[in-house]
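Here are two versions of the same chain, shown separately as structure tokens and labelled structure 1 and structure 2.
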Structure 1
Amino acid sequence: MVELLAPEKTVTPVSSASAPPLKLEGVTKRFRQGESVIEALRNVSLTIEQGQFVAIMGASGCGKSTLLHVSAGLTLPDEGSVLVEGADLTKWNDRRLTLFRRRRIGLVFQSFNLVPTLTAEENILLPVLTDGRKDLVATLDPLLERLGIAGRRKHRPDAMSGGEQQRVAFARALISKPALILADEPTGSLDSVSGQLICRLLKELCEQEGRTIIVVTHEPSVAIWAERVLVMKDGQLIGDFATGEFGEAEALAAHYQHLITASS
């Protein structure tokens, strides 16, 4: 999603670098459709520490995307607070949220949300140029190289594969050097080699640059790259474990299945 909003010098997003990058307290989110109400998130509380690489797993419809959207301030919860670097996003107006998100949060959506009329490099640079951060343009080339899409920079989205579009979406999220990176099934449309490339990049960003990353995934082979896995079911957190004790994706998958079965 590209939010076209001119930079405003007088609005400085307030945050505290010493506070955790993300803390949810008692978050409930309901969607109303006609007579029925769906509780997509039910009293979710969690804290993500700075520099952590966290995977969120769970069946389709359990609330994973809603959790990311609430964490980014894109969706307002019905109850609870959403603290990003200590700032409660539920208290802010849209303009302040947009500026804060653009500078501190990198988002990769389940659908890539690229602008169809713009080339890959225009898509990637649009948010930082809109924010007046021309200094970041110089970081484009190494980022394209790192993601293996240097040869696609002049292509529009409809001339790129799903996997290439996904990597452009990643580049767009990473170029502003955000503190918190939220990615919704980032490897869903990638072959296993490209998927592992993205996972390695994410791990490097955590280990070398101290970024905090939350990735939603169905794939144990992606989750095993994270240091911590949160498991969701029916809008609730039912598991929170370190991947350290699992050497292989298969063992992680078995533990995940055990948690899902034990909670029924």
Structure 2
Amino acid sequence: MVELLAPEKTVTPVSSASAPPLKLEGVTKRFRQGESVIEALRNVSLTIEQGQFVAIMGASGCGKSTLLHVSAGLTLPDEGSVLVEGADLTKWNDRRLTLFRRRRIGLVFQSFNLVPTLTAEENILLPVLTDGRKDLVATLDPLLERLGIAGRRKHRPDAMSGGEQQRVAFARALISKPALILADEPTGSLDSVSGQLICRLLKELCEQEGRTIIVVTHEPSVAIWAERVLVMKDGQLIGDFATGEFGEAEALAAHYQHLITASS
């Protein structure tokens, strides 16, 4: 979703480039359902290093999307700290969070969230132009070429395939050169071929450009592309392993199921 907030003269505090792109310390998030209180996240701590491609797996309702939203500052935790490049998002007001998120965090969702009346090019540039960062317009052409959508730049979303729309959404997330790219089920609305193309693209972005990417998924066929997999259940991290231990998605799926069963 593009956040239309005019830039301000004051600069968002500079974060530390030497700090990891993401660090969570003792994060707990509660939601109220009627008279009950649900702990969506329970004392979660983790560190994502520069250039890592990380997949977060778990069943529906395990807290993985809440973890992503907390990491982006879209939802603030009830307890704990959320640090992006050393900047603690829990200490800021909504305006400062929005400005920081626009500049340092790229967000991609299953539903694409493209503006239907704008072309691909206009959708991609909207966040940086709204932010007054015209210098980044020059990076559009190589980015379109990199994502294989240069020929679709003047097309509106309804004239593009699902895979093309998702690549436009990724281009919009990448144009501001963010410290962190967060994607929530980015292949969920795509056919298997388009989904695997997106996974290959994400892996290449990490390996060739040093991008730091976190993808929420419940599909082993998506997680196998990542370098590292975090497994969640009932709001807690119950597993953290490298995909290099597994040659194919079926072996990863078996290990994932073992972790889920062993935690019961």
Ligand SMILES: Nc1ncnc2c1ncn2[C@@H]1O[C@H](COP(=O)(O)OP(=O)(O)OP(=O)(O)O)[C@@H](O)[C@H]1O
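Quick note, the numbers are simply positions in structure 1, starting from 1. C-alpha atoms forming the largest set that superposes within 1.5 Å between two forms make up the rigid core. What you see is a predicted model, and the numbers here were worked out from it, not measured in a lab.
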Of these two forms of the chain, identify the one that is the form predicted on its own. 2
The angle, in °, through which the smaller rigid part turns with respect to the larger between structures 1 and 2 is 15
On a rigid core superposition, how far has the CA of Ser161 moved between structures 1 and 2, in Å, if you could check? 5.8
Mind pulling the C-alpha shift for Ala171 between structures 1 and 2, with the rigid core superposed, in Å? 3.0
